[in-house]
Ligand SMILES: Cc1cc2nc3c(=O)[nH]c(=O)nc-3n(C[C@H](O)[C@H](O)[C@H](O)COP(=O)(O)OP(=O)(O)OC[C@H]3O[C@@H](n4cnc5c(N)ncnc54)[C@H](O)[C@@H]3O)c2cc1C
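First, one chain by itself: the form predicted alone, in C-alpha cells.
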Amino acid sequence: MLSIRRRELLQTMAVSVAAPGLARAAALTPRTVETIVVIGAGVAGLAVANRLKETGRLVIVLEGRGEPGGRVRTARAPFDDGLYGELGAARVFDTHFYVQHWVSALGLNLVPFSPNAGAALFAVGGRRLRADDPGAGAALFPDLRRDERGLTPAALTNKYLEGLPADLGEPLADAATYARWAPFDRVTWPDFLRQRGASESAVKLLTMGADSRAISALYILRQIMMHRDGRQYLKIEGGMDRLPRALAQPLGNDIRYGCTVTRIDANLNSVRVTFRKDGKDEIVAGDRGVVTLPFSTLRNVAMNPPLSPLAREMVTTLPYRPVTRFLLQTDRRFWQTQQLSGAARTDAPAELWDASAGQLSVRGLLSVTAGGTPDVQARLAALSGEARVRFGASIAAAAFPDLQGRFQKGITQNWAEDPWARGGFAVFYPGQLSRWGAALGRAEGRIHFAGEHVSPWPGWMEGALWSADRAFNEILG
C-alpha cells in the first residue's frame, strides 16, 4: 500500500507533468509574457524549458556544448554494424515515473536493459564465479560468517537493513525528517554495515563494483529504499540520447549552443546572464533564471548577489563521482556461449554490463564503469588515447579473460575531465545530506535550480526530470 507521501507525489505528477503536444491548461498562461533564461541543455534544462514554453513564456536556453544532452551521451562511432553504447546515463528503473511519462509523451520506447538469459559474475583477486552460485560469496570471501554464507548480495543487504525506518524510501522529506535520519549520515556506508554486524568479508562483498569508502550511509540507504519496489532496469530503445534530442527539437532556436556562462546578476525584477561565445562576452536578460549546471561547474560562475551561505556551501563543496566509462567492441558476444549475461562486478572496483543487449549485430559491446578511487584516477591521468582503452580492457579481462582475443576497438569517457561536468554525478559525504537535504535546490530570489544533484534521485535521469517539474511549479507560483 502506498504511503501518504508517495500517493501525494504520484497525484502531483499526474496533474502537473505535461509535455510538448499535450493539452494545455488555460490557467497556466501568464498574464504578461515572461522570459526565462535556462542555463544548461541537459535533460533537466530541456524539460523545464519545454514546460515553460507550453505556457506561452519565452525561453532562452544557454548551453556550453555544441549539442543537447549534458551527461546523457550515446556513442555510435567508432563502432561497427550500428552498435551503440552509453558514455553517460545508461539505465532507469521501472519505478521511474517521470522518465516513463516523458518517454511515452515523446513517442519513445523503453526496453529491458539486460539480456533475459545468462548469469552475472563476481571477479575478486584473480578468481571469478557466477553470481547465481549460492557458494560464490563464501568461495571469494572465505571469512564470511556462517550466518552470512549462502546469501545472495541482495539477501545479505536485506539482512543488515532490517528494522530501518520505512520513510527512508520516501522521496520528499523536510528538515525535521533529515534531522531524524542524521545518525545514518554520520558514518560511511562500509562503517554502517559494520555497525549493523556485518563481517569485513560481507562488507567487501556488498561494496564490490564501486568505491563507497567515503560515501554517506544515508545517501546509499536512500538510493536502496527508494528503489526497493523496482523489478528491472530499462533503457531507451535506440539510445538514451534520443530523449534529450526529442526534448530539444520543439525548442529549436530557443537553444543557443557554444555559450559558456560566466556571471549571473539578479535583482528583485530581473535576471541578467553573461556568457562567452566565439571569444566575445554577451548578455541576455530575463524575468527569471533556471540554473541546471552541476555544482562542480557552477562554482566557477560569478553570482551577484552572492548565494545564501548554505547554498554557497553546497555549490562549493558538493562532491562529484570521478567516473570513467569504457566501451569495448568484441567480434562476438562470447559470454553468451558461456551462459553469461555480460554483467560483472569486480574488485577493481568496476561494474560491467552487455551494452549490446537487444541490438542486432553479432558483435558485442561491453560497458565498463570504473573510478572513484585515487589509484584508478592516477592511472588514467598518466594515460591517453588507445592506452586508456587498453587499461579499460584489462579491467574487463578480470571478469572476462576471453576478451583479450576478441577485443576489436573501444572508446573512453572520463567525466572528471569533462569541462562541462567535472564528474559523473553528485554523491554525498557524511554529514552533508542531513545538513543540506531539505534545502537542496531551494530557489534564491529569481534564480531557480534543477538537475539530478538537487533531487531525491541524485545520479538518475529521474532526478533531473523531477527537479525540472519542481522548478516549473516554482515559477508558476
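The numbering used is simple: start at 1 and walk along the sequence shown. Predicted model only: the values in this text are computed from it and were never measured.
Omitted here: the form predicted in complex with the named molecule. The next part is about that form.
The stretch that touches the named molecule in the predicted bound form, counting heavy atoms within 4.5 Å, is 288 to 296, out of 205 to 213, 130 to 138, 218 to 226, 288 to 296. Although the partner is absent here, R333 lies well away from the named molecule in the predicted bound form, with no heavy atom inside 4.5 Å. Under a 4.5 angstroms non-hydrogen atom cutoff, the named molecule in the predicted bound form has L62 among its neighbouring residues. Shown alone here, P456 lies farther than 4.5 Å from the named molecule in the predicted bound form, counting heavy atoms only. Proximity of W415 to the named molecule in the predicted bound form: non-hydrogen atoms within 4.5 Å are present. This chain is displayed alone, yet in the predicted bound form one of V323, A357, I236, V315 has a heavy atom within 4.5 Å of the named molecule; that residue is V323. Of the listed positions (G88, G118, P190, G169), a single one reaches within 4.5 angstroms of the named molecule by any non-hydrogen atom in the predicted bound form, namely G88. With respect to the named molecule in the predicted bound form, the three residues L156, A344 and G392 uniformly fall beyond 4.5 angstroms at the level of their nearest heavy atom. Counting a residue when any of its non-hydrogen atoms is within 4.5 Å of the named molecule in the predicted bound form, the hits in 428 to 459 run G451, E452, G459.
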